[in-house]
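The chain below stands alone and is given as structure tokens, in the form predicted alone.
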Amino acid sequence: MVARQDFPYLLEALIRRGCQLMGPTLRRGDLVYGPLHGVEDLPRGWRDWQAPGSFRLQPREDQALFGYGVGQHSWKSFLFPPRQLLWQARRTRGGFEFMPREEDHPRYAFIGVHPCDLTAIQVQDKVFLEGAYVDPTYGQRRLGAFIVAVNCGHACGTGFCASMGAGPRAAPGFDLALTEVVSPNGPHYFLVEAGTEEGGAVLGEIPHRPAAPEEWQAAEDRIKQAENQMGRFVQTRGLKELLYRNYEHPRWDDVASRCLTCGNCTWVCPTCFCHTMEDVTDLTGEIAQRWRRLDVCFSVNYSYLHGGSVRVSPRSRYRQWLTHKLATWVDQFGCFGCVGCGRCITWCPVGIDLTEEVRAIGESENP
């Protein structure tokens, strides 16, 4: 058990190890992930309120450091940069030569990683590290990252991580996992679990003591409370086959009539990795560069091949996205591409609910 007044020692221990601290912070009233210089940068005393197409931050009655769910940002932006220079070349008299490309690979310490986001990082590990082709940028940033997970004490209004096996308790893969226990007039402390040798070493540098049985029980009660609060559920058993059998289901037309194809659901998704390539030259034509830029499969141009786009209708583009997350992703990487964080529901301008679309298709077969 680590008391609230001793929590700053954790950040100091990570800084001594050369880690660049990244965590949740408030910026212009928005919950974002960014650099942390100390505990004072955390959104202390705030909580989130989420519903389809709606997100607000509200004051809490206590001074919890991690009393909120996930916002629209994810840790993906630090591990898989949204815009990255792949190579550059200079024209010479006899042809061209490649120029050295300087790339910064800081050692991150991610503070306050929710269980769904921890699972999302592990999903991207399968994509970028465990396949036939390894992404060097992702690999260098990911393998040096120190992860401080935070078990959820309340459910996000749109989350369904429990049914996806991604929360509200953090699965193995963290260095340290915290469960914050706080009440307006009661004690404030963290139950800490070390998941790696380095995590145990960091914990050894922080003032702590064994937790009493009632402290463990209080932490367990908070996690159970978060699970019981979840109002959304996805039946994952047989889900891939369900979607494959209903590729021409009329529900796709129904959702297409509401979908704006804005791509918000993919921009905020912590696992989506669609990208495009951009080739540019400077004004003199002497230097050429190739950039990788994050993109979304909801745009018509994303599926453009010689002669036209493969998916021209909103129906085909939404169907492609949902079936990839919950069906073809399983065939590709052996897991779902969805972790139940609920961001796609919260940040959809018209409040399309992935769980409702899946339920509607399932109930058409089994009323």
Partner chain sequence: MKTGDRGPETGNMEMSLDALIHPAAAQPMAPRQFLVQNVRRETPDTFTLTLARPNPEEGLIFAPGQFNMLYAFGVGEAPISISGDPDRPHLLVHTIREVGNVTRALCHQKPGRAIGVRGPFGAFWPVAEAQGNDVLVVAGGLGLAPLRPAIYYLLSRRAAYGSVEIIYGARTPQDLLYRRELERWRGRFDLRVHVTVDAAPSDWKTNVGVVTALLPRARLDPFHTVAFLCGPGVMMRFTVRELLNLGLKEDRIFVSLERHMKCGLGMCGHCQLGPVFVCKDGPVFRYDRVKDWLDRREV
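Note that the structure is predicted; figures quoted are calculated from it, not measured. Positions refer to the first chain, counted from 1.
Same protein, other form: the form predicted in complex with its partner chain, not shown, and the subject of what follows.
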request  = Just give me the single entry in 286, 198, 220, 227 that has a non-hydrogen atom within 4.5 angstroms of its partner chain in the predicted bound form.
outcome  = 286
Proximity to its partner chain in the predicted bound form, single hit among 273, 216, 108, 267 (heavy atom within 4.5 Å) = 273
ask   = Using 4.5 Å between non-hydrogen atoms, is residue 233 touching its partner chain in the predicted bound form?
value = no
ask   = Looking at the partner-bound form in the predicted bound form, is residue 332 within 4.5 Å of its partner chain by any heavy atom?
value = yes
task = Indicate whether its partner chain has at least one heavy atom within 4.5 Å of a heavy atom of residue 311 in the predicted bound form.
result = yes
message = residue 279 versus its partner chain, in the predicted bound form: is there a non-hydrogen atom within 4.5 Å?
response = yes
ask   = Where, among 143 to 151, 87 to 95, 202 to 210, 258 to 266, do residues come within 4.5 Å of its partner chain in the predicted bound form by heavy atom distance?
value = 87 to 95
inquiry  = Between its partner chain and 127, 320 and 324, in the predicted bound form, does every residue show a non-hydrogen atom at 4.5 Å or closer?
reply    = yes
ask   = in the predicted bound form, which residues of 292 to 321 put a heavy atom within 4.5 Å of its partner chain?
value = 292, 295, 301, 302, 303, 304, 305, 306, 310, 311, 312, 313, 316, 319, 320
